[in-house]
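In the form predicted alone, a lone chain appears below as structure tokens.
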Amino acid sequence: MDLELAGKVALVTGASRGIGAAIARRLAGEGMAVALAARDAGRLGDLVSEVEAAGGRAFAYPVDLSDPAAPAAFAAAAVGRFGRVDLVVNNAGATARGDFLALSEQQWADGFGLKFFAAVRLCRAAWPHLVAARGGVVNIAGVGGQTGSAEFTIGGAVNAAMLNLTKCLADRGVADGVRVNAINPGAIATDRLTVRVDKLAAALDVPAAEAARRLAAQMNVARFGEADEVAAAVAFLASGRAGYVQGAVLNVDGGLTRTL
């Protein structure tokens, strides 16, 4: 199915690995030029080379988006390179897990600084370009924003804020012609999930494959998701096929979220 994204430009944060890299590959495969931001310059460079080798257009912008000036600088650099912005994908940001009473002030500040405030700042900087292009925003939040967990207080709070930001920007977007939606990934097979599986394997003294099976069973899902499955949802929401989808929250979680 042609999603009619060819020739358009996407900004993707947290693009050096995992879900972000999968989103970049998928959008480039649909013909979009992709401007990629993350802290890991080496991984970004490798991804740009991969995209270009496949005939696509990509631009690496190594940066720490928790720096208040960085999101606007990234947007400006992307416009300077490609001339427009049609899509912003806010994917950057991992938050610390752990005992609520043990989590530090800095961990809370880091969680909101990179994932939430970077998204706010990038949307603000890119918004005039999105209005001109009648483009869109896809925020990658997480199922923890809907279902609280004692071990995921920072992530849950940040993701809930991202979901509310999505609704607020979608409300403005009705008048401005910008579509804003969110995706809540569940347990996706990325490096972060591998760390959780390895910790569980060590705690239970079982092989990693058995720990993964037990963790999936504990979550009551048939399997872990793939980053490409999240990327496919982003491409759909970015396309005209989702032209009447505004302010939606799409759970890509294998049925993990069982509440409304």
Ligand SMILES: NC(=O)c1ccc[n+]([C@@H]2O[C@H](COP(=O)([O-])OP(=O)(O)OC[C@H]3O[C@@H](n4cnc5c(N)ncnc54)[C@H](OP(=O)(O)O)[C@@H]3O)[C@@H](O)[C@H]2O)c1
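This structure is a prediction, so every number in the text was calculated from the model and none was measured. One rule holds for the numbers: they count along the sequence shown, beginning at 1.
Same protein, other form: the form predicted in complex with this ligand, not shown, and the subject of what follows.
*Asks:* Can Glu52 be called a contact residue for this ligand in the predicted complex at 4.5 Å between heavy atoms?
*Replies:* Heavy-atom contact with this ligand at 4.5 Å: absent for Glu52.
*Asks:* Report whether the minimum heavy atom distance between Ala28 and this ligand in the predicted complex is within 4.5 Å.
*Replies:* Taking the distances in the predicted complex, the answer for Ala28 is no, it never comes within 4.5 Å of this ligand.
*Asks:* Applying a 4.5 Å heavy atom distance criterion, does Asn181 contact this ligand in the predicted complex?
*Replies:* No, no contact at 4.5 Å.
*Asks:* Is there a heavy atom of Ile19 no more than 4.5 Å from a heavy atom of this ligand in the predicted complex?
*Replies:* Taking the distances in the predicted complex, the answer for Ile19 is yes, it comes within 4.5 Å of this ligand.
*Asks:* Could you work out which of Arg214, Arg223, Lys199, Arg192 is the residue within 4.5 angstroms of this ligand in the predicted complex, going by heavy atoms?
*Replies:* Looking at the other structure, the residue within range turns out to be Arg192.
*Asks:* Quick check on this chain: which one of Leu114, Ala170, Cys123, Ala157 has a heavy atom within 4.5 Å of this ligand in the predicted complex?
*Replies:* Exactly one residue meets the criterion: Leu114.
*Asks:* Quick one: which of 28 to 36, 65 to 73, 231 to 239, 205 to 213 gets within 4.5 Å of this ligand in the predicted complex, going by heavy atoms?
*Replies:* Result of the contact check: 65 to 73.
*Asks:* Within 4.5 Å of this ligand in the predicted complex - does that hold for a heavy atom of every one of Gly93, Gly142 and Ala187?
*Replies:* Yes, the whole candidate spot contacts this ligand.
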